[in-house]
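Okay, so here's just one chain, in structure tokens, the form predicted on its own.
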Amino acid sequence: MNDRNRHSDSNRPRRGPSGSEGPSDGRLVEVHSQLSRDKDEPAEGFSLTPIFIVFLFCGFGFWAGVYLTNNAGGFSASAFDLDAPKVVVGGGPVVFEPDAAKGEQLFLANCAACHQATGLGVPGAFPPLAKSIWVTGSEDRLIKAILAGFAGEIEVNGVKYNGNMPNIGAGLKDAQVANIATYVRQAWGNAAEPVMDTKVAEIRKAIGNRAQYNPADLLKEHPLETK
């Protein structure tokens, strides 16, 4: 065969990986044209979806700002503190207000395991707080019992108990103790005056870090009131 009849390497048809000849240039042009027709051309202007998302986020941000302004308590940490004193309207001085609702939450967390949420206690083990003169009588006696605790025999509503009350108030703030005392003096049918945090502070200073009271010694300081 003459060299004239031989194809040069550059003019030979290219073969695919399997050895078959690849598509011709014409076929490639045809495929490209088909793809161009099937694919949408980019359009100028704005798309509605991104604009909607922007407005959605802006609206959410505005709502969040309004919600925080109305519910953040002036962005003060004390707004969410169960034991923080309330602020008098008009920028007046900070004044403690006994709050039985806050006292209930503190009672459930610190006292209900023994005295029960009903205030009825556990027969033979823990005395009731409901309709108990130990609770509704002298606030000094009640505060001392919460701050220092007591161990020994105690009689409540004609029933004797020999229990051990821990000094739960030693680890609480004055306002917390005042709110607990206020709650138990006004719950379950009890009707007694609320307790102020200043009173708790006064008694805490007076007794210091003393050990638990013996109920008899506590009664010597604050005898039970007659009904």
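Quick note: we count residues from 1 along the sequence shown, nothing fancier. What you are looking at is a predicted structure, and each value in this text was computed from that prediction instead of being measured.
The same protein has a further form, the form predicted together with a small molecule, not shown here; the description that follows concerns it.
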| property | result |
| --- | --- |
| One residue of M196, A192, I168, A187 in contact with the small molecule, assessed in the predicted bound form (non-hydrogen atom, 4.5 angstroms) | I168 |
| Partner contact for A148 in the predicted bound form: the small molecule, 4.5 angstroms, heavy atom | no |
| In the predicted bound form, C111 touching the small molecule (heavy atom, 4.5 Å) | yes |
| Contact test in the predicted bound form: G137 vs the small molecule, heavy atoms, 4.5 Å | no |
| Touches the small molecule in the predicted bound form: A125 (any heavy atom, 4.5 Å) | yes |
